[in-house]
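Let's start with one chain on its own, the form predicted on its own, as structure tokens.
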Amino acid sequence: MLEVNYLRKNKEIAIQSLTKRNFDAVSIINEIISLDDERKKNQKKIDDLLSNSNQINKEIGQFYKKGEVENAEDLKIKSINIKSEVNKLLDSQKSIEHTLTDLLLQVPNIPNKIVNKGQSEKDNVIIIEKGSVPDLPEDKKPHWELAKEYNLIDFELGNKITGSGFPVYIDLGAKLQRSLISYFLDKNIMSGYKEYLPPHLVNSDSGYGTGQLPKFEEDLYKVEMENNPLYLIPTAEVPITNLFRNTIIKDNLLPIKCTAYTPCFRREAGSYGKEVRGLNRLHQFDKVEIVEIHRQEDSAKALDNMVSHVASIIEELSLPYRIMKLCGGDLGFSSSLTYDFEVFSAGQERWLEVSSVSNFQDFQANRMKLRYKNIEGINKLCHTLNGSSLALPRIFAALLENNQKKDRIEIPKILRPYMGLDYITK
């Protein structure tokens, strides 16, 4: 969430920057500033009335001491009237603040200055492209056929017990999935990330903190509880970042680097065809996440380091990949700058997104009241970052497709110690 003072001081810059997202912010920012003016005026009235009330209460005490009861009683009536007026103003103030917060929650983050204006993913910019596409036979197969042929995943069984988009991993398929999770976590831990195992359900405050609520509530699986709904997490970013909600972090404890494996749950309605077949798009999927919390001046360099870290994992899996800088129209609601990673899946002959690495700057921290006390003793909003390291379904798909041979699927060398074998046979 953007700060009102920032929008007031940088109104034209904010409006112009948000056009990169194709977001017309003129009317909503004007309304936010107008409401904030009203809130300040209201608060001034409340403060003046309370000050007057305090003075009257002192005078009432003095009249009673002097035995001037009639004068004291007259002032008591005046004091009661002031309190009544204050209560009305406080009710009005609550309404103003509620409306103001609702408006602020509708405004996306300001794109970084290096983000290009664009409508959609077609306007994203390729930053790096590395690796060689494997030379596969003409009868190469997509991963959903390979998974069935080698008895690694049963999509129909998942459909039977839950529904479409909930696959069942079997035998060596389950082991490959577990091996990838262990490898990703080990790699992250060796790079200085502390491992967490968070809850897979979060409350509304957590959803608001990282920006999933209220805008994306319809994309979440919701568990109705009495007066307190819970949500299945769309990513470990939500519980991990919210570990530090309403916290003031000591400067010497920064940066904070966290990693976690969790299942992730997302509703994907109205999607059909080859683009979403097999593991390409799921309602439940596994992912290893990295989250970092930094001083404001350090987050840009931290993002570069996170991008390099994710790239090193994909390179060790020997997958061809490219890094995309997202345009404004393709940025996530809370992100200021995002780099997407795509791997080439040779069986489908298409690029598959496997990671997004983002800097949210102070957008999430402002929603969560996540601050740090700098060396001057001043409380400042932290900068938060996160990235997939990595999302498993499309990595799994690309590994099957790119490493298929006539009678086996080869295991990348980095995974062989985890799998205990060099290849999978029928």
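For every residue, the number given is its place in the sequence shown, counted from 1. Superpose the two forms; the largest set of C-alphas matching within 1.5 Å is the rigid core. Worth saying up front: this structure is predicted, and the values here are computed from it rather than measured.
A second form of this protein, the form predicted together with the RNA, is not displayed here; the remarks below concern that form.
The candidate stretches are 44 to 52, 22 to 30, 385 to 393, 355 to 363, and the one lying within 4.5 Å of the RNA in the predicted complex by heavy atoms is 44 to 52. With the partner omitted from this view, the residue of 178, 245, 281, 76 that lies near the RNA in the predicted complex is 76 [heavy atom within 4.5 Å].
For the options 83, 350, 122, 130, the one in contact with the RNA in the predicted complex, meaning a heavy atom within 4.5 Å, is 83. A residue is said to contact a partner when one of its heavy atoms sits within 4.5 Å of a partner heavy atom; residue 374 fails this definition for the RNA in the predicted complex, lying far away. Although the partner is absent here, residue 65 lies within 4.5 Å of the RNA in the predicted complex, judged by heavy atoms. Looking at residue 228, you'd find a heavy atom of it within 4.5 angstroms of the RNA in the predicted complex.
Interface residue remark: residue 35 is not counted as part of the site for the RNA in the predicted complex, having no heavy atom within 4.5 Å. If you fit the rigid core between the shown form and the other one, you'll see the Cα of residue 46 move by less than 2 angstroms. In the core-superposed comparison between the shown form and the other one, the C-alpha atom of residue 381 has shifted by less than 2 angstroms.
With a cut-off of 2 Å and the rigid core superposed, residue 36 has a Cα displacement that falls short of the cut-off between the shown form and the other one.
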